[in-house]
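The chain below stands alone and is given as structure tokens, in the form predicted on its own.
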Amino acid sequence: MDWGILAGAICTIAVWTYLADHQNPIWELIQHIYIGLAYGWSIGYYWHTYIWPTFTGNKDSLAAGQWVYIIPIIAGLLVYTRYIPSIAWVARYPLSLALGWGAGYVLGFTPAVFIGQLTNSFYDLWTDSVSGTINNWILLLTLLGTVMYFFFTIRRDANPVMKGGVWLGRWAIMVALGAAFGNTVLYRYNLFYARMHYILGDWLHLAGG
């Protein structure tokens, strides 16, 4: 008997008990076990991959005299002051620095993502094929309508162009959200199918292929 497969099957069935009762003890237990394992794995991974090599292994580490690493270490430790009520406000400063640095890093080093979104919105409105021309016009109009939908400084009922654009933008957003929801449902179905194949095939050997 493969104990790993057995444990996976039991955990899968335990998770499905949530469908019968949202607060049953089996679901609560497996939820805590999963979160605990995820946290434990994450702590071990980051310790052996980043934290410990920073102290000992890397050439640019504290062992090599790079004491500047003390600053982010102290900032990271200050996050845990949130568990001390009297000085919990101190945790806001390292979190603010982390969020500011992250936003600056994304805007400074990954501009291609935002530029690509802009350049991809410029369509060739007259192509060699009728279908391509129609398709690009539809894309342009839905793009303009979606942008107009988020204009809140202009009255929508007084301007017929604005009113029509908002109407078109609302429908474009609804179609996009519907497609995203359908994709999510299909993805969840694939997960369910994989779990059923795991239980019926890998565990009970009732299905193959």
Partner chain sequence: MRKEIPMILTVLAGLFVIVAKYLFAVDQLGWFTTANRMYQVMYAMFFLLGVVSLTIVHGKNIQRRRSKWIYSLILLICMYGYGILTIQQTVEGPQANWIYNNILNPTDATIFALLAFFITSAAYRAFRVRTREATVLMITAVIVMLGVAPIGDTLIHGWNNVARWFMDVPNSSAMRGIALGAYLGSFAVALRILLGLERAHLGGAGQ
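Positions refer to the first chain, counted from 1. Whichever C-alpha set is largest while still superposing within 1.5 Å between the two forms counts as the rigid core. Note that the coordinates shown come from a computational prediction; the quantities given were computed from them, not determined experimentally.
The following text describes the form predicted together with the partner chain, which does not appear among the structures shown.
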With the partner left out of view, is C11 within 4.5 angstroms of the partner chain in the predicted complex by any non-hydrogen atom? yes
Indicate whether P53 is a 4.5 Å heavy atom neighbour of the partner chain in the predicted complex. yes
L200: heavy atom within 4.5 Å of the partner chain in the predicted complex? no
Check whether G44 has any heavy atom within 4.5 Å of a heavy atom of the partner chain in the predicted complex, and answer yes or no. yes
Residues within stretch 165-195 having a non-hydrogen atom within 4.5 Å of the partner chain in the predicted complex: R170, W171, A172, I173, M174, V175, A176, L177, G178, A179, A180, F181, G182, N183, T184, V185, L186, R188, Y189, L191, F192, R195
Just checking, between this form and the one not shown and with the core aligned, does A88 shift 2 Å or more at the CA? yes
Once the two forms are fit on the core, has Y105 moved its CA by at least 2 Å between this form and the one not shown? yes
